[in-house]
Structure formats: structure tokens, C-alpha cells
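What follows is one chain in C-alpha cells, specifically the form predicted alone.
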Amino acid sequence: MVEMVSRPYARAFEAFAAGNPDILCLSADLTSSCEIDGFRDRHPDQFVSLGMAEQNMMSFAGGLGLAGFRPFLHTFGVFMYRRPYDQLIASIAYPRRKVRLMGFLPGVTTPGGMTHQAIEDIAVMRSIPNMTILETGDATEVESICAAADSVDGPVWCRVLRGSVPRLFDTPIRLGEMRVLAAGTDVLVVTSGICTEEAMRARAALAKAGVSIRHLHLHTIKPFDAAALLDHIGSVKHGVVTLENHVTEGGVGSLVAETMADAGIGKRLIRLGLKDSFAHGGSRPYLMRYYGLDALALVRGIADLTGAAFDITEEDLAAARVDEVHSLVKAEAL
């Protein structure tokens, strides 16, 4: 049974930041939605509310970084890069300020539709010089992301899970590394974020069907260990399938494709994710099924890669966890 952890970010950030006057907590008017309302109440001297003014927040954070502070910015991911892109470049990325960008609601983790779903953020951030990119896949990674981000001498983009989060791993994020979750020899599966749990749900059924899966989980997307990935690709027979909570262009699938192309690897690659499409509103399980981000989509991708036919249904997969609404007061999960 997977342990579910309630609001791991709230406790982890407070434990990390409280009492360290160099760390400042910045909010863009989504304080409770980003689980920092308790920190605001208990540590008001380290809390700054910038309101719904993300462009100003970026420039303000750049100034704080210049003055020697390490600001942690909190808002929904889409509002952190779509609205203030120019200020993000000029005030934070270009001067390489120690600003930690904590972006909540990555991909389809919200029913809020296009305006609230950060589906192309990795593609954007990967193209920005000096930017580090981290993504959380479970409660342990949420609990350790503050320390991991704060160890970087420069800006860090973080995809953060909130609310009720499963605990899948026993060890914290180790910057620049990847987790090897299974060491099979037929197909390499590369996942990140919430898609890792979906791949874990499918592994036993695939093993029963005779497919040996090598499974990598990425929490560090930039910088990326290309040499380690190439070693894993060389250890499998058929090729690679990537599964991500993001568009297939510019994200983990593109990262793997670029690595293979640069090294002249001729094995097949199948990229699963949002296919040149915005997502509409709906529950996370519904959206993952509809857009092909779940365990059954991975099974279909592996069948395509191997040329095998699997008689695997939802009943054959490990049970999916049940997501709790983030707040009874905010039933729309915003």
C-alpha cells in the first residue's frame, strides 16, 4: 500500500527556511494554494506578498538575489513563466541570480484547463541559459526539493506537487542523478513527475507478459547525465519509451531524442505525452487517460515498440491512488 502524505511541501519548506534570514518566501497571491500560508503566519519577517503582479515579482526577486538573499517564489507554474518571461530572462536567468522558482500545478495536475496547466514549461526552461530544472515525482522528492534547489549557484525551475502526494522513494533528490527503478533488458522506460507512478503500475503486468523493463525516473532534467542514459539505452534490446506530464516537444522525450541523435544511436524511440495539444478541464485520472499519459498508454507504446500484442487491461495493473481534492473550500482544486 502506497503511503499518502498530506501537504509535504508546507512542512518541508518551513523546516528548511525557518530561521535562515537569507531565505525569503515570496507569494503571488496564491499563498494557501501553494501551501505557504502557515509559513506566512508563523514567520512574517521572511514572507513577502507581491500580489498578482508576476512581472514585478521577477524583477523584485532579481534585486533580492543581487542583495544576497535567496528568494523562493511561489505561484502556479503557468503564471511563473508565461506572463513574466522577459523579466525572468533579464532579471534572473541572465545575471544567474540564486532565485528558486517553485511552480505548482505542473501539466494536467489541475482541472483548471489551459489557463492553469503548465504543459510546455520544460521546453521553455530548457532553452534558457543558466537555468536548472527539477521535477518532483513523490512526497520524498517534494520534501527534499528545497535543499536540492538551494544547492545550485543560479536560478532553479521546480515542478512541485501539492496536496496529497504518494511516497514512492526512500531517498532524497540527488542533483544531476537519475533513479534506476528497474534494470530489465528489453525496453528502457524513461519517466518523470506523476508519470513515474503510472509506469510503476504497469511493470508487473508487463513482466507477466514477458517484457523485461528497465525504468529510469528523472527528477533532474537540466543538467542531464547523457552518458548514464546512453549506458542504459545500450543495455536494452528494443529501444526507449518516454512518458511525461508535458507536451512531447521540448520535454523529456525531446531530451532523450537529442541525446540519442547526438550519439548516433539507431534504436527506436516512442515519446508519450501531450501531442501538440492543450488539455481541457477534468480530473487527473481522466485527463491522463484521455491524453495518453497513463499506465495503459505506456503498455500500448511498448507494444508498438516491440511489435508484441498484450492483453493487458486496467484490471491487470497495480491500483491507482485516489486523489483528494486539495481543499474542501476550493473544490475546483485551484
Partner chain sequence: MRNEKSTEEVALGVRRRVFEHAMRNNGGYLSQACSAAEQLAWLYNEALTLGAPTLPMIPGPFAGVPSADNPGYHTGAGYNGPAAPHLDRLFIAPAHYALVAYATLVEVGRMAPEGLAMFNRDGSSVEMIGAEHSPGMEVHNGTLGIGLSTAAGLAYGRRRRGETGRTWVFMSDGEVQEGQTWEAVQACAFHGLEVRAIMDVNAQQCDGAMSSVMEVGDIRQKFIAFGAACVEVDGHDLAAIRQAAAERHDGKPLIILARTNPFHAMSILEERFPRLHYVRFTSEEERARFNLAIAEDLDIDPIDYAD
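Computed from a prediction, not measured in an experiment: that's the story for all the values here. Numbering follows the first chain given and starts at 1.
A second form of this protein, the form predicted in complex with its partner chain, is not displayed here; the remarks below concern that form.
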{"query": "In the predicted complex, the residue from 55, 32, 283, 277 that sits within 4.5 Å of its partner chain by heavy atoms", "finding": "55"}
{"query": "Contact residue in the predicted complex, chosen from 86, 231, 249, 262 - any heavy atom within 4.5 Å of its partner chain", "finding": "86"}
{"query": "4.5 Å heavy atom contact with its partner chain in the predicted complex for all of 50, 60 and 69", "finding": "yes"}
{"query": "Location of its partner chain contact in the predicted complex, chosen stretch of 214-222, 90-98, 184-192, 160-168 [non-hydrogen atom, 4.5 Å]", "finding": "90-98"}
{"query": "4.5 Å heavy atom contact, residue 46 to its partner chain in the predicted complex", "finding": "yes"}
{"query": "Contact test in the predicted complex: residue 24 vs its partner chain, heavy atoms, 4.5 Å", "finding": "yes"}
{"query": "4.5 Å heavy atom contact, residue 127 to its partner chain in the predicted complex", "finding": "no"}
{"query": "Contact of residue 270 with its partner chain in the predicted complex (heavy atom, 4.5 Å)", "finding": "no"}
